[in-house]
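Here we start with a single chain on its own, the form predicted alone, put down as structure tokens.
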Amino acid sequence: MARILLLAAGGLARETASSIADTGDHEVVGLLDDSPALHGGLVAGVRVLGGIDLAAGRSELLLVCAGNGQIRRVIVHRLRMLGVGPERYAGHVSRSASRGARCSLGPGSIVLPGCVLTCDVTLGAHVVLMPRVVLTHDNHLGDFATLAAGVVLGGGTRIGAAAYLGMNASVRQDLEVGDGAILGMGAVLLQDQPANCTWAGNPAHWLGPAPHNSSDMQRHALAGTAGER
């Protein structure tokens, strides 16, 4: 059983800690978050030991639990500049998740309860699957992608790096969602979605650029305000 630290002490960290406790695959020994108000306190019964940069000087494995994939990417970059390599990142798959043949998960990926990966599914690094996500054959998810609860992907779909799919969204088979794209809650995607844009509706259509790709968000995360929930 590996000892791990969870990074970013928000809702996803609480969900992940609960799933880890139920599954028994790791021992969560602490949380790291850049909010000084949390330091020394307990979140979900786990002590917040200090800021995220402390991870560089410790030996435990790590899981980045910021709910926003763009923020996860910036945290990983920040720690890489401090010497933290990919070998430091754990992965977690809930014991209630179903993972079929030839499914692979990159370092730092989190699969929460009730998810289904049928077969030949590939998750990149630091991907997050919220509860009850269904991935079917030959799905490929890029690094830092986030799929909210109840998302369903048809066979052969590809989700770009740091894309976000909202609750109960569904994607027809053999389509592609571009890097940094946002697909809204309950959306039904029937055509390829370009990178860095927001689509929603049934059928899904363009609403505008994806706001979470703003340079302001990137600057704040690099400066240490990484507590995206």
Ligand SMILES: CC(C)(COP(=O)(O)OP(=O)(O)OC[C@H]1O[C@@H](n2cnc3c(N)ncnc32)[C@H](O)[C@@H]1OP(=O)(O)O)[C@@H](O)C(=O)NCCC(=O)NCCS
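Quick note: we count residues from 1 along the sequence shown, nothing fancier. For clarity, every value in this text was computed on a predicted model and none was experimentally measured.
Here the subject shifts to the form predicted together with this ligand, a form of this protein not shown in this document.
- Think of it this way: in the model of the complex, this ligand has a heavy atom of just one of L49, A44, C197, M167 within 4.5 Å, and the residue is M167.
- Put simply, of C115, A148, I71, V93 only one has a heavy atom within 4.5 Å of this ligand in the model of the complex, and it is A148.
- By the criterion of a heavy atom within 4.5 Å, L105 is excluded from the residues contacting this ligand in the model of the complex.
- Of the heavy atoms in L189, none are within 4.5 Å of this ligand in the model of the complex.
- This ligand is not drawn, but in the model of the complex it has no heavy atom within 4.5 Å of V133.
- For I182, a non-hydrogen atom is located within 4.5 Å of this ligand in the model of the complex, even though that partner is not displayed.
- Of the candidate stretches 25-33, 50-58, 171-179, 200-208, only 200-208 has residues whose heavy atoms lie within 4.5 Å of this ligand in the model of the complex.
- Of all the residues from 33-52, none has a non-hydrogen atom no more than 4.5 Å from this ligand in the model of the complex.
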